[in-house]
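This document starts with one chain, in the form predicted on its own, laid out as structure tokens.
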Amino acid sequence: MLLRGRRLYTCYGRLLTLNLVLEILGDLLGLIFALFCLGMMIIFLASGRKRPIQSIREIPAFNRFRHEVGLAVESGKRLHISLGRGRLDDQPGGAALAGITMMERCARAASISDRPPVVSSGDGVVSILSQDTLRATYHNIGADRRYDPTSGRLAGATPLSYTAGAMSIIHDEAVSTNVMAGHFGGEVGLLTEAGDRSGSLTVAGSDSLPAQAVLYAGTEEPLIGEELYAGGAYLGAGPLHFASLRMQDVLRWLLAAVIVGGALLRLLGVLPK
């Protein structure tokens, strides 16, 4: 019995060591991939400065959005930017950062309006970051007096409480356009319905597949897939965002080449079925 216990203990120790090694290798591969993407972005950024005019495909949602922002400013109505309920220390944080970039461009476009944009989020850190971004944006354009600390709001800490808080903003704040860019669940359908009832336009995108399905069926201008992360480039946030689009195109071609190459190798019998 003692010998069997020692063997089990040895096997358990080896499993823990193997698990630790796999985690380190996974983190290392992730770091290498991130550095590879960063290197491509730097290369494309340097090459893009020599040819500032870059052609990108048309996304109707962003064209409609720019038009509606202008109408909102002229009519004295408010923009509502919903950043979802993703946390920055988790995978959905990327969608929230993309939403903050779009929020910054909205604040610049609506800076001359009597009603500044209002931002809602479902995470405390994201809410603080949205307030700081709004403050920095108004400071950069010389309109510090127009900044309102209550423009960045924590609508709720749970999915349903966040949805209820964001719905009250849509109904009670004279909102003409809703921009939903972040991590949502199926409850996003309640937000789109609230936008329809109030007669406001909804431009929405999410990193969640269930939310994308709801948004595709329930909004006039949905952002599908990676279109959410292209918002900075389409709204003129800077050349770095154009470089990120080119980097994404390279990754798509590499992924397509790997899929096609793997299929051919399997057909030839090189790879086992």
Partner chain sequence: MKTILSAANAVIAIASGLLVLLGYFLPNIFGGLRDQMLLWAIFLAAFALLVGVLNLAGTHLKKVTTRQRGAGYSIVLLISMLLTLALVGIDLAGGENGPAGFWSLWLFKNIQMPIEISLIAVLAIVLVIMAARLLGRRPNTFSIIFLLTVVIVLLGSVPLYHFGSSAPLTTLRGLAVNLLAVGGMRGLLLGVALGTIATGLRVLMGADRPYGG
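The structure presented is a predicted model; accordingly, all values stated were derived computationally and were not measured. Numbering follows the first chain given and starts at 1.
Absent from the display: the form predicted together with the partner chain. The rest refers to it.
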Does the partner chain come within 4.5 Å of any heavy atom of D132 in the predicted complex?
-> yes
Would L160 sit within 4.5 Å of the partner chain in the predicted complex, counting heavy atoms only?
-> yes
Would I259 sit within 4.5 Å of the partner chain in the predicted complex, counting heavy atoms only?
-> yes
Although the partner chain is absent from this view, report whether H171 comes within 4.5 Å of it in the predicted complex, heavy atoms only.
-> yes
Is the partner chain close enough to I59, R85 and G199 in the predicted complex that each of the three has a heavy atom within 4.5 Å of it?
-> no
Heavy atoms within 4.5 Å of the partner chain in the predicted complex is the criterion; list the residues of 131-151 that meet it.
-> Q131, D132, T133, R135, A136, H139, D148, P149, T150
